[in-house]
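Form predicted on its own, single chain, as C-alpha cells, below.
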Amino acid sequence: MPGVRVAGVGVTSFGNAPERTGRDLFGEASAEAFSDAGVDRADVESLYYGNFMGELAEHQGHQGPLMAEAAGIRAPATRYETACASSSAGVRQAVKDIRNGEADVLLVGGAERMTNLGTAGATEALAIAADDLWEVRQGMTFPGAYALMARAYFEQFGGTREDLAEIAVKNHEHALDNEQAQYNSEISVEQVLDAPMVSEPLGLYDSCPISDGAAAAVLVSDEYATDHDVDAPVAITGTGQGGDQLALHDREHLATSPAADEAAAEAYDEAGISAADVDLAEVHDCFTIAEVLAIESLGLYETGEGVDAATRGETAAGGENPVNLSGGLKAKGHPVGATGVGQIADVVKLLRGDHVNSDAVPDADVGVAHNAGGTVASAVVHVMEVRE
C-alpha cells in the first residue's frame, strides 16, 4: 500500500479579515503550500476542499471548482462539509485515494469567511451544525450545547471552572509567538474567571473566537516523492473517523465523545501506534471543555482524568503531553472549514522543526490532529510520523 507524504503546507493568518473573500484566502494558503512542497501545480490530480458556511457567509455554493481556480490548478474539485471537521474529512479521502493507487498528487485544504457576518450572524450560521428541529428551534446555541457537556462532565467526573481556565491560559501562552494566531496576548486565570459569562460554566475566554482564514496541504505518494526528489519527511500513517447522533438529547453520554474515541482507535490501529507513542497533539478546543474530551478520547488521559491536566502543567510546552502548541482554536483561531488542515499544518511543522514552538518538542516523531464537527457528532483523527 503506497504511503502518503505531506509535501507542503500553507496557512493564512487566522483572524479578522472581513474584506477578503474565501477565494482570496485560499489562493494565498495554496500558493504557500505549493512553494513549501516544490511540486508542480500541473501534477495535481484533484482538490478536496472543506467549507461549512459558504452559502450563508458569501452566498456561494459549489466552491470546489472556484477554489481550484484560486489555487491555479485545473483538476476535479470536491467540497467536503462535516461542520468544523470539513477539511479533515477531505484529507481522509485524499489519504485513501493515494493509498489505493488512484492518485499520486492531491491538494487538500479549506477556508471560511465568518467575521463579515458579525457575532450574532456567525453564531446563527454555526448553529446549522446542530439538529435544527430539536435543538436550534428550541434556542440551543453551540456555547449552550458545550456548556451542557461541561456540566455533565463536572457532575460525572468532577473538575472546576479554574481547571478549564488553565486550558485557556495555556493555549494563549502557546500562541504568543505564533504570528498566524488570532490572539498573541497573555491572559490569567483570574481574567478567565472574571470574564462575561456566555453560558454557565463557560465564559468569554473559554470560547474560541470567530475567525477568517484558509489552510492547504499538498499530499503525494511515496513513489512520487522519490521520483521527483520531494523533501517530505512527514507521513500521514493513520486516519480515522467516527460518528455519533447529532442531537445531544439522543446520546447516552454527554461527558464523553465516542465519535472521537472511534476515530482515534482507527487511526492508531492503522499507524500501528498507541497513545503512549504520541509526542504532541493539536486538538479541537472550540471551548475549553472540548480539549478535555479530546485528550481523553485520544487516550492521553483516562476518561474523567483529563480535566486538570493543564492545571498540573502536563499539557503545556515542556510538559509530558504537550497539547495545542499552536495556540489551538482558542487562541490561534477557528475559521471552521480551514481548521482541520490548519491543525495538520501545525503538526507537520512541529515535527519538521520549523514551527515557532518546535523547540518545545525537539525529539518529537509522532503527532496527532483531532478535529471535531459540531458537538462531536463527527470526528476525524490523523496520525503523522517522521519518516525520513
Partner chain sequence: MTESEDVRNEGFDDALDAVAEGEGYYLECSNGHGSLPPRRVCPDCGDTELTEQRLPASGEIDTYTVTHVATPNFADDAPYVVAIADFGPVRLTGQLRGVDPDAVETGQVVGVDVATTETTGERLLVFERR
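Positions refer to the first chain, counted from 1. All of these numbers come straight from a predicted model, not from anything done at the bench.
Beyond the structure shown, there is the form predicted in complex with its partner chain, which is absent from this document and is the topic of what follows.
- At a distance threshold of 4.5 angstroms between non-hydrogen atoms, T237 is out of contact with its partner chain in the model of the complex.
- Although the partner is absent here, E200 lies within 4.5 Å of its partner chain in the model of the complex, judged by heavy atoms.
- By the criterion of a heavy atom within 4.5 Å, S185 is excluded from the residues contacting its partner chain in the model of the complex.
- For the chain shown alone, L248 is a contact residue for its partner chain in the model of the complex, at least one non-hydrogen atom being within 4.5 angstroms.
- Screening 80-88, 277-285, 151-159, 218-226 for residues having heavy atoms within 4.5 Å of its partner chain in the model of the complex returns a single hit, 151-159.
- Note on contacts: among E124, D231, E173, D194, the single residue with a heavy atom within 4.5 Å of its partner chain in the model of the complex is E124.
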